[in-house]
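What follows is a single chain, given as structure tokens, in the form predicted alone.
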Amino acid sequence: MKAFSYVTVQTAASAVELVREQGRFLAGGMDLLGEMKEGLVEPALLVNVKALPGTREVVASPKNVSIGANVTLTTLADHPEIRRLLPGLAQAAEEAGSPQMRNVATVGGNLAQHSRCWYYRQRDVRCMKKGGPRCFARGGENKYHSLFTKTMCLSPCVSNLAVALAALDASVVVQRGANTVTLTLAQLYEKAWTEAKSHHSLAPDDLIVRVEVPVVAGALSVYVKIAEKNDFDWALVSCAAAGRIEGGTFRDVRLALGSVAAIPWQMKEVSAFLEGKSATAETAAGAADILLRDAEPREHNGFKVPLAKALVKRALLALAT
């Protein structure tokens, strides 16, 4: 690890200004420090944003829940209003890493984390995400990689919170220069779909400030995942569902899959299919078939398709019980 400078800031605007000169934001720091130790990044300056006012708070109102970027995953998982209004988000936070990691990992860091692909993480491999000529997962070891492979890079989005927040129709407020902009979850990750080197749509000096989640009367949410180990493991596949059940039928339901694409995988066609249909296993299976219709498994990850379909059915039926 090369030498670097360190500074603590008190405003988002000053943080953005300082990062522009070969800097990186530091909050929970687990992913950034890991990349530095592995020689993947060598920032000259670490800008500590943990002290930014208002970024460690959860503020709930009848119509909206505002979550600061520096709220830890432990706080998110245990917060009584999150558990009451947005149970799927609490479940997603609770499933991330170990208790020790959740105590320091933050909402902003979880959303902005970089690829976990073993080719990207190997310092001696210059893959496409590091500016190299090819994605080594194509024709290589791709057990944990994407099912939706129209992208050049097969590294999937593994953020638990991204999947839950996508299903909840949340938005992300970002400090961009002197102004703030609001992005949907689709916008937050769309560049990862179109550009191999991108992990998300954030520029190096874009800083997540908070997340805004709408509260819909009567809405339910759930997050489920399957991993190789029960604890402290990345999801092989994850699924989040959010919506209402009225008279035994699905209403305004949104689904999102994680660890299967460079983005949280969603299809508007699935919501249209579910609208007004009976909340049955047969309906859930139909939604799963639509959501996985365009999957193109690689040599070693075809097992993810039945896992994803099972999770879609599990999540939808959990809304109805």
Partner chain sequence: MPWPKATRYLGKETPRVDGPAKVTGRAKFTSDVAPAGVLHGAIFRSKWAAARVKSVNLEKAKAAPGIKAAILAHEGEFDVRYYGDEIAAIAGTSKQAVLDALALIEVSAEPKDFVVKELDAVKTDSPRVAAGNANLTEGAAKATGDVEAAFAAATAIAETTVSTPTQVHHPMESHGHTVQWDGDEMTAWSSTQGVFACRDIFAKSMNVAQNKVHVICEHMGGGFGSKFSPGVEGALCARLAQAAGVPVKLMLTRFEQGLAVGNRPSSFQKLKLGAASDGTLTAFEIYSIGTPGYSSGANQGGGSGGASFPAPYIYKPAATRVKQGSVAVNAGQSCAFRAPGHPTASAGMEAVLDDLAAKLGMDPVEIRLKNDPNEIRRREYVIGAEKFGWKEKFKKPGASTGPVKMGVGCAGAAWMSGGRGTQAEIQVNADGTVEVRVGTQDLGTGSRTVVQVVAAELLGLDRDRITAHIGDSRLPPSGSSGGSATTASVSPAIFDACENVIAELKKLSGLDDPRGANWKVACAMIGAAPLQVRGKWREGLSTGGAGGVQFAEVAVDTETGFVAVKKILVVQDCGLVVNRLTCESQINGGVIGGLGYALYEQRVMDARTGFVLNPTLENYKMPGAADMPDIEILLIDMPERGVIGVGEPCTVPTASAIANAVANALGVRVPDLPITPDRVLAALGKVPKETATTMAERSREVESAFASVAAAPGAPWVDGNSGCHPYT
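Residue numbers count along the first chain shown, from 1. Keep in mind that what you see is a predicted model, and the values were worked out from it rather than measured.
What comes next is about the form predicted in complex with the partner chain, which is not displayed.
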| query | finding |
| --- | --- |
| Contact stretch among 68 to 76, 188 to 196, 201 to 209, 232 to 240 - heavy atom within 4.5 Å of the partner chain in the predicted complex | 232 to 240 |
| R123, R244, K150, R83 - the one with a heavy atom within 4.5 Å of the partner chain in the predicted complex | R123 |
| Contact flag, C135 vs the partner chain in the predicted complex, heavy atom cut 4.5 Å | yes |
| Contact test in the predicted complex: G140 vs the partner chain, heavy atoms, 4.5 Å | yes |
| Contact flag, R24 vs the partner chain in the predicted complex, heavy atom cut 4.5 Å | no |
| The partner chain contact in the predicted complex: L307, any heavy atom under 4.5 Å | yes |
| Stretch 97 to 116 - residues with a heavy atom within 4.5 Å of the partner chain in the predicted complex | R116 |
